[in-house]
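Single chain ahead, written as structure tokens, the form predicted alone.
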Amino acid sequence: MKTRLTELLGVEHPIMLAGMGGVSYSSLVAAVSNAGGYGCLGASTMSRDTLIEEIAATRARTTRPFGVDLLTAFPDSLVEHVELAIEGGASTFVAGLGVPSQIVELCHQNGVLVVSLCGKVDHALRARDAGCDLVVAQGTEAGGHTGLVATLPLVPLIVDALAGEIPVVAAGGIFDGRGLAASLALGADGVWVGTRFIATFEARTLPGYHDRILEAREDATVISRAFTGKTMRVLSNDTTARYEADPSLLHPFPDQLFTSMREGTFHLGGDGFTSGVDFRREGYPAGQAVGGVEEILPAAQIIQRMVDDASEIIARLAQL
């Protein structure tokens, strides 16, 4: 399945692994890249040393392209971490929570593509003007930090606004081949998938995360500032209910993040052996696609199913 995205990234399938902080580590990233998709390290929760280790581990597991996702909201470490990504052999830098204007030239000088996650048309236009090579149009259905515009209107609006100047990747609520086919029909060049890849054997997950993902229905998530101070779609629980009942308790980013860590409600970056995780209080990022996630599978199987099903759908529609 070839699109402008596969040509730009040098991959077989137009499926990108979302750079999920605390989840998208080397094992999952390499598995996605080796399956013909595009793996992306979720480095927002990683220290400098961990980032170096994870980039090296990814390169040891795959010879195929991969990227590194960082938050522009942490400007003090951004340049250094982007330089580490460049040195480690990443082929893209993915920017969350802002347009990375100050990083574009550094990346391009080193042959690294720049990706920007966008929740509004204006975000996409600013990303294009800053020199980004592609944008991810992320609808509110997506897990993690997200906006308020739904995927279905957002993708074609951004596609039209950019008028083909740079590729657009659809994100938010995509978990199978139907979502891939629909995204291509909306004018996107590929998809950015997060929640479905949490339920894989290769994903790094906290205690209880897999169980909550598998048991959750599509209405089990909520957009909350409870864990970082910025709008984040997570599985609803006692913590989200507490802050919804009394918003005056909230602090702005990043103070709320530090509060969550201090109160023991946000262990993202830990693993299956992390202690002190209480699923009734823990911040588990997840999108509305949880309603369609029913089993834990190898990442490669998810990619192959998506491609096969999307190809079948497209072929069937072509005969109508």
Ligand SMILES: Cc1cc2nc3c(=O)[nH]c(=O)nc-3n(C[C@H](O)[C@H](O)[C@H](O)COP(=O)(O)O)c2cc1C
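Note that residue numbering begins at 1 and tracks the sequence as displayed. As the structure is a computational prediction, the values presented were derived from the model and not from experiment.
The discussion below concerns the form predicted in complex with this ligand, not included here.
Note that among 221 to 229, 143 to 151, 235 to 243, 79 to 87, the stretch whose heavy atoms approach this ligand to within 4.5 Å in the model of the complex is 143 to 151. A heavy atom within 4.5 Å of this ligand in the model of the complex is found for one listed residue only; from Val293, Leu28, Leu268, Ala35, this is Leu268. Shown alone here, Ile158 lies farther than 4.5 Å from this ligand in the model of the complex, counting heavy atoms only. A residue is said to contact a partner when one of its heavy atoms sits within 4.5 Å of a partner heavy atom; Gly172 meets this definition for this ligand in the model of the complex.
Mapping the unseen interface onto this chain, Gly67 falls outside it, with no heavy atom inside 4.5 Å of this ligand in the model of the complex.
This ligand in the model of the complex comes within 4.5 Å of a heavy atom belonging to Gly19. Contacts to this ligand in the model of the complex (heavy atom within 4.5 Å) from stretch 176 to 198: Trp192, Val193, Gly194, Thr195, Ile198.
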